[in-house]
Structures are given as structure tokens and as C-alpha cells.
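As a starting point, one isolated chain is supplied in C-alpha cells, in the form predicted on its own.
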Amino acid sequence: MPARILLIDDEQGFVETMAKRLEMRNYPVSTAFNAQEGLDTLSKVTIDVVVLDVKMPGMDGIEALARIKAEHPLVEVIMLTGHATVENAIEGMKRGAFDYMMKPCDMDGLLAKVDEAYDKKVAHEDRILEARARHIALRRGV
């Protein structure tokens, strides 16, 4: 199953083009054109990986990242940035983002990062399930 992706970026043309290209590769894609819209989507739709623009009007990517990680800690976030905001993207990684990429990014590079982020999320979920199973077994004295 491919990663379910949420694209959050205020550049509507970029988001629409990237969504079409990802959907052509069978990735389920949701889109949002600002951080609040993205957070609203996350509360309604199951998402594995968020591709998040760092610099947006209103709530920026760093603040959005903090809210995503607080409300959806298993969702992986790839920060997307222009050259002038690389420092902010690195700050995002310090705060829990999976990685960052420079705009414009090539599709193969983005897909590789999305797949890596998805694998990390799935491995984390598997460890949580194993821990729950061990806990249940211990409570039952098995």
C-alpha cells in the first residue's frame, strides 16, 4: 500500500501539479493551501506523510509542524523549502520533521523521501503493536 500523502503549500499551481503527478503513481493524495486547512484535513483523513511548505502566510510550516506532531505524532513530515528558508527547514528537523527538500524538487527524489518516511512510520506503528501485545501477554501471565 503506498503512503497516503497530504500536500500543504500556498502555491496552488505547485500543489495541483504535484498531486496529479503523485496520483498518476497511485499515491492517494489530499491537498491543502494553508496550514490551518492542512490541520483540518489531518483531523478528518488518515495521512501517513505530510509534505509541508516552510514559508506560508499566516501559520508558517514550523508552527504547523509543531501542531501536527502534537496532534498526530506518528505522521511523518517532509519540509519543503526555498533557498532562503533552509535554516527554518533544518529547525523543523530539530523539531521532529523527517527531512527537508529544496524547491523545486524532482519527483523521484520526493518519492524516495516519501517512501522512506512511510517505512519509518510503519516500523514505528509495528513496534507499538508489539509492545501492546507484550503488555497484554504479561498481564495474562503468559
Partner chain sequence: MSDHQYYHGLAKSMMATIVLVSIAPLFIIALIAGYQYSVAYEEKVEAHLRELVLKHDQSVDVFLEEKIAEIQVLAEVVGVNRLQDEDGLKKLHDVLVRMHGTDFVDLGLVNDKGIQEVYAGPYKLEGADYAEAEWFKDVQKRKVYVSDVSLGLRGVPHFIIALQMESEGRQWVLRTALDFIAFNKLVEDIRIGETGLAYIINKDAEFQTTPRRDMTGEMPLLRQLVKQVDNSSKLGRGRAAMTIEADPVTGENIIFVTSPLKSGEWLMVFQQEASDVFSALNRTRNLLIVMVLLGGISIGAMAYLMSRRMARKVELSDMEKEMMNEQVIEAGKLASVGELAAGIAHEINNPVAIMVEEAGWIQDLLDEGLNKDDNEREVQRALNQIRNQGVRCREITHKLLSFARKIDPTVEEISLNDMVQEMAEFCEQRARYANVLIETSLADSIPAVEGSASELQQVLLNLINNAIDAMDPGGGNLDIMTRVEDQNVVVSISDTGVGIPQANLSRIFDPFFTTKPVGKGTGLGLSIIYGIINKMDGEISVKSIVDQGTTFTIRLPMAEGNPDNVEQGEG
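Keep in mind that this is a model prediction, so the values were computed, not measured. Residue numbers count along the first chain shown, from 1.
Absent from the display: the form predicted together with its partner chain. The rest refers to it.
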Can you work out whether its partner chain is within 4.5 angstroms of a heavy atom in all three of 14, 20 and 104 in the predicted complex?
yes
Looking at 105-113, 91-99, 71-79, 38-46, which one sits within 4.5 Å of its partner chain in the predicted complex if you count heavy atoms only?
105-113
With heavy atoms only and a cut-off of 4.5 Å, decide whether residue 24 touches its partner chain in the predicted complex.
yes
Might residue 67 be said to contact its partner chain in the predicted complex, defining contact as any heavy atom within 4.5 Å?
no
Decide whether residue 56 counts as a contact residue for its partner chain in the predicted complex under a heavy atom distance cut-off of 4.5 Å.
yes
